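What follows is a single chain, given as structure tokens, in the form predicted on its own.
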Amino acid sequence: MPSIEIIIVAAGSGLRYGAPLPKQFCLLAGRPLLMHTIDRLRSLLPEAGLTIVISRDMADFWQKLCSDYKFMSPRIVFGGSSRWESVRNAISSSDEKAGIIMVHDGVRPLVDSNIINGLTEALDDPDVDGAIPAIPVTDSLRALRSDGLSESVDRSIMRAVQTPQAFRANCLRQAYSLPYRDSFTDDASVMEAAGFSNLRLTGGSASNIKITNPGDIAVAELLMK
């Protein structure tokens, strides 16, 4: 297996979360959420390089948190005005010797070994450009039409995408050299735009939740127990 570099994206402002702090710095089980995410990936991939992307405005605050909680921060890269720009900044300064780059949301603290193993096993196939964890959609879905009406969607062919997403490092670097497009909703969409379409879906987990609303903290604490 080629060497792995992990980018943890945690530069968002968290305005929708409604807390005084960005959600990645809010407390989960007595510690800032981002620290749980970092520790989880350190335990799952101890040999991997690790970079966190945070806002420049929060750098001093993060360093104080690390001091207060006696936590060793990974390498820090400053984010941009969008997630795409933040990831691009991290990729541009990543280890050029890395064969695989994983990109993970800083507010997904419960990634597990099955997810990681699925990603690395998929990339054992040299023809695979990247691997994306996903889970089946359980809600009924409807697509909004241009006339304002809607129509049902076959949910059996739909999957909800999670992170970390894992890619051949050289392919991801090429993909992020493209100019930004509104269609770039995640790293896989950037790869597809660059022509790297052999992206394999692997098993995600319903427990691999993304902290989006304040109530999600309580759910995550319950899952941690």
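Residue numbers here begin at 1 and follow the sequence given. All values derive from a computational prediction rather than experimental measurement.
Note that the form predicted together with cytidine-5'-monophosphate isn't included here; everything after this is about it.
### Partner-facing stretch of 89-97, 74-82, 143-151, 117-125, counted where any non-hydrogen atom is within 4.5 angstroms of cytidine-5'-monophosphate in the model of the complex
Stretch 74-82 is the one.
### Query
Is there a non-hydrogen atom of Gly204 within 4.5 angstroms of a non-hydrogen atom of cytidine-5'-monophosphate in the model of the complex?
Result no; Gly204 lies far from cytidine-5'-monophosphate in the model of the complex.
### Query
Is Val9 a contact residue for cytidine-5'-monophosphate in the model of the complex, using a 4.5 Å heavy atom cut-off?
Yes, Val9 sits close enough to cytidine-5'-monophosphate in the model of the complex that at least one of its heavy atoms falls within 4.5 Å.
### Message
Using a 4.5 angstroms cut-off on non-hydrogen atoms, would Asp129 count as touching cytidine-5'-monophosphate in the model of the complex?
### Response
Output for Asp129 is no: heavy atoms all beyond 4.5 Å of cytidine-5'-monophosphate.
### Message
My question is simply whether Met102 lines the interface with cytidine-5'-monophosphate in the model of the complex - judged by any non-hydrogen atom within 4.5 Å.
### Response
Result no; Met102 lies far from cytidine-5'-monophosphate in the model of the complex.
### Message
Need the contact residues for 22-47: heavy atom within 4.5 Å of cytidine-5'-monophosphate in the model of the complex, sequence order, or none if there are none.
### Response
Stretch hits, in order: Lys23, Gln24.
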